[in-house]
Ligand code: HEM
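One chain comes next, on its own, written out as structure tokens in the form predicted alone.
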Amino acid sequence: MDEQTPKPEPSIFERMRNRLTPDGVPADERGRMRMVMESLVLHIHPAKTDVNSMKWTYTWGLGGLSALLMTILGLTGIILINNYTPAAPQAYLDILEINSNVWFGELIRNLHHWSANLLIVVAVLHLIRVFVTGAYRPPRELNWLIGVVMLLLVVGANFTGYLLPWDQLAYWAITVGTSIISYIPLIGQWLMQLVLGGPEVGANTLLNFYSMHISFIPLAIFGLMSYHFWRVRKDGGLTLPKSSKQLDDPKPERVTTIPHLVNREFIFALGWSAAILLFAMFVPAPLEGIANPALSPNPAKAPWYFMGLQELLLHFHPLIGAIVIPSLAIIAIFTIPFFDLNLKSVGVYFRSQRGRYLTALAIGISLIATPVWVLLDEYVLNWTLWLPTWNTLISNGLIPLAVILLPVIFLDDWIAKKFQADTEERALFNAAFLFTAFIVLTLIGIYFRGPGMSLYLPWNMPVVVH
């Protein structure tokens, strides 16, 4: 009987405890190192993984790509720190030195710059993927909040790092970007001076931004990221598509994380690393002339990821465009897990077939309505001229906001009656509509705003000589 009963294979945890190889024999030094690496992997991954969760078309590897980009940023950042002085004008001279005389210095700076920009895009896409699959619902609401905080920190890391080259592009982008802080009621001016270290962007600002960029922000991101990955496992792993839960077999196929999942992740990381490296080799990070506070470019634009906000400031009173609208958006993002509690569609892209149709409809309407509204507000609507005696907060703030919100409310009511959309489908429709509008505003600000922040077609943009 004993001869017919096969001896069970020791688990990874038993092997680690007893220092055994996969064959059950005592491990040598190399075997012990391998077990240490396996234990690190299994801190963020379960020992076995559902085959359905390994499909790239479900997660697109966005969480792993974010971690890879953070790793690249950490490694390249350490090299750059060793060749950089956070003082004006020496900072600019150090950048020139890095580009010219440090071995692979320009390539390292390019890698750092483009990885930072790509990280914003990937983090936003990751948040969208979690949203459209309903993966923020209980018990994952805490991890959703952590993810939103990390996205804000990533934007903060990019913003503080933007100033460090101390060139014209960086100086005036930060000047425009930080001016938004001054619109916060009561404490705006005080807070802006605290951030800048004075009344305007200067040497103290550079030192403040450098300190935040290399200490608090990256430490917070890496700490939250570690907890975020651990929490994914703690909450039961990835949310799976509904179809995978309805298989005839009540126990879906599971494979060992090592090597099946780890090999895929390694190949994915290798491919993206090669692509980013190749891009950095041929596309240099931007660098203009040294910062000159006396010479303002026309137009002076914020960093690209704040161009949507800058565009809003052209259409609304600063309190509405810079504070109220962004604050409402952030509050909505933070609180959605506590209102959308339907667990039936967790893991299903866009909730349902109707949800997919409504999302496409929302994107299409927004792609048409947003540019039309921008053109009307630029050339037709002029509330302050029509209501000269009214407070500008009302004439150029609350009234335009009401003009925007009323059609959104009517659209929401229309899809509820026309398509019998439920609460989660309506939330999906509104989110898709508003996010698409923000993307369109960002693109208009980047490509269609010229001197004086007037509207121009990109190919008709006047050439400004400084």
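Note that residue numbering begins at 1 and tracks the sequence as displayed. Only a predicted model underlies this, so the values are computations on that prediction, with no experimental measurement involved.
FYI, the form predicted together with the ligand isn't displayed, but the following is about it.
Taking non-hydrogen atoms only, residue 291 never approaches the ligand to within 4.5 angstroms in the predicted bound form.
In the predicted bound form, at least one heavy atom of residue 109 sits within 4.5 Å of a heavy atom of the ligand. Although the partner is absent here, residue 427 lies well away from the ligand in the predicted bound form, with no heavy atom inside 4.5 Å. In the predicted bound form, residue 262 stays away from the ligand, with no heavy atom inside 4.5 Å.
The three marked residues, 74, 148 and 210, each reach the ligand in the predicted bound form, with a heavy atom inside 4.5 Å. Picking from 269 to 277, 217 to 225, 351 to 359, 193 to 201 the stretch near the ligand in the predicted bound form, with a 4.5 Å limit on heavy atoms, gives 217 to 225. Of the residues 184, 374, 127, 88, just one reaches the ligand in the predicted bound form with a heavy atom at 4.5 Å or closer; this is 127. With the partner omitted here, the residue from 92, 383, 84, 306 that has a non-hydrogen atom within 4.5 angstroms of the ligand in the predicted bound form is 84.
Residues from 146 to 170 that approach the ligand in the predicted bound form with a non-hydrogen atom closer than or equal to 4.5 Å are 147, 148, 150, 151, 154, 157, 158, 161, 162, 164, 165, in the order they occur in the chain.
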